[in-house]
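Just the one chain here, laid out as structure tokens, in the form predicted on its own.
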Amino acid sequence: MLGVCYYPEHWGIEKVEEDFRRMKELGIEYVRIGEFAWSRIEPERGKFNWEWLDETLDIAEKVGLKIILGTPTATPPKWLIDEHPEILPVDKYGHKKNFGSRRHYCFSSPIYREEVKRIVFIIARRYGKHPAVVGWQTDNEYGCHDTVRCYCQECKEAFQKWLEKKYEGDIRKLNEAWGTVFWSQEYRSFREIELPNLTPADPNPSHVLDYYRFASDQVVEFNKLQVEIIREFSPGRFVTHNFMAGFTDFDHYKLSRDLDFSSWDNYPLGHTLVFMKLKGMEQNPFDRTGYPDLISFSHDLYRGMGKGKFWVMEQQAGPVNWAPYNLWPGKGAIRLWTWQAFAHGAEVVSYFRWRQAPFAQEQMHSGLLTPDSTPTLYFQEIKKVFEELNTLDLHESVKSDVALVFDYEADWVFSIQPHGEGVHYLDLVLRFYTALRRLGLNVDVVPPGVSLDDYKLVVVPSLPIVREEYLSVFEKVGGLLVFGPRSGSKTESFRIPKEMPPGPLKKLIPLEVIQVESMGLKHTETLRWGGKSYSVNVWREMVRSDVPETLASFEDNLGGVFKNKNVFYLSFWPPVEFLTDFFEKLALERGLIVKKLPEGICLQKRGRFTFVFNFTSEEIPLEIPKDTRVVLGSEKIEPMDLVIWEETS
């Protein structure tokens, strides 16, 4: 099913009925509105303008469109900021962020939380049972513009209370956990603790990690207070939030527990450029399609948060305005992205936005219509997708034999003490994920601690902090279990384990990391495995091992891959080429069907349907299995096109 993001407050009610009818003709079923409309709903405190929103919802009901109503809390209005300027957030440099854009609030502000409860209560009470409203989106893109971690006085006081609760009111426990004897940092009370910014040198990493946990918890609490109000006044409607790809400043898994399912905003071209910068890459082979594995990773991530359900709430539908440069998507790319989402289990793909705004910050951001309501080049691609969707029954869910364990806290540990150039958790994760996808394997992306009993292969790119409940799950894995570097390297309080890394994982694989080196992006060492050589950069560990098998070694005789029974440990930053070969061997051992794919070609299975996508600029011949029926496309996949076949036996 298809949707679109729409802003009736931008156009006037006289445009709404015409727009809604055109949406219906295009095949749109869901429309998201309202997430930035607080000042139009309540132009002054206590004075409400409901007429435009009442009429919008009534027209939607008449036309037969389903509305997702956004809570407008990402944009507190000017009158509220003038009344309470203390709502405004403060960045890590001590600068207050001002009114005039969006996300200009602190998650910890007690005053703002009360205002949020008030406006959500008023809107949910008025529209919670409106026939056109089928669901809700809380706020918009939590944390966008680097706004999760605030450094204001409210945050300082809330952080002190959070610490006091965590350490059971005993400052000695905090001092011990943080190792504050180092550099004479010892505290006498929780009220002495500052926020970890504006220090001459790096702040204590234990202090920073606890602050990151606190900031994440504040976002979760902020979201939950909205969800509780919506559920009270809008029974039977779903609640979701639109997360951002590659954004790790708060724990999306934890927040998603309060939602019916998760959604995310898919902007492949801009996200690819950000990812390339992270990796230090200069050439972009996917400049008009986006890096396919970056897109599919997010699909798999948010599908896991929703127990098999997810939406793309904002799908790029033309050039954006915020990337380092903003190309037009290639011909067919919008259709390709839409089908890719459905192949990975999406229930709805909703395009951003219906009509390009001719004013304000996003006037260079495209929509399905130009500002004068002319359809863009991509309008017909969406019409084509709608027609194609009507020929398929996609009720089946995605099933996977492979799990990748992803952890937001791991990203925080890496970012606090990377120990060198190029050491980025997301880069490491995408290397593991890309290798699995190049073998044509479906992948579930899951948090640590969930059951892994049904998977034949489990990969953990890195898990620096291995809690007792995580270890208990790993001990029960019956398939093959692969850990990447830095796993088990820290305690919960960001210390090196007494037993040395990999800490608790020694119960699974008896080895010890005695020294590490970061090599940057230019220095390389050669790894030998399976008769082949691989160039390794970024990271390497010196390991003392009691395991019976060292499967791969470097030219200087340092071990690289260690095995104990069904558990493997990689002591280096593995290149995708090595991981692809290595995972192919493991997958075949476990009886999995693999199909090695060239870069830019992606295969995904959903129920009885198999999807193959061509993200390259070349026509690709494809061997389609017997006992199947092609339902879309052909054996030769054109650039930016796809083929779908259905099992017939």
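Each residue number is its position in the shown sequence, starting from 1. Just so we're clear, the structure is a prediction, and the values are computed from it rather than from any experiment.
If you look for the form predicted together with another copy of the chain, you will not find it shown, but the lines that follow are about it.
- With the partner left out here, another copy of the chain still marks one of 490-498, 124-132, 232-240, 431-439 in the predicted bound form; by a 4.5 Å heavy atom cut-off that stretch is 490-498.
- The listed set D287, E347, D217, D260 contains one residue whose heavy atoms approach another copy of the chain in the predicted bound form to within 4.5 Å, identified as D287.
- Taking D372, E555, D546, E157 one by one, only a single residue has any non-hydrogen atom within 4.5 Å of another copy of the chain in the predicted bound form, and it is D372.
- Another copy of the chain in the predicted bound form is not approached by R149, whose heavy atoms all lie more than 4.5 angstroms from it.
- Within 4.5 Å of any heavy atom of another copy of the chain in the predicted bound form lies no heavy atom of F386.
- Although the partner is absent from this view, W38 contacts another copy of the chain in the predicted bound form, with a non-hydrogen atom inside 4.5 angstroms.
- A residue is said to contact a partner when one of its heavy atoms sits within 4.5 Å of a partner heavy atom; H104 meets this definition for another copy of the chain in the predicted bound form.
- Against another copy of the chain in the predicted bound form, the set I13, V227 and P598 makes no contact: no member has a heavy atom within 4.5 Å.
- For the partner-free chain shown, nothing in 590-617 comes within 4.5 angstroms of another copy of the chain in the predicted bound form, judged by any non-hydrogen atom.
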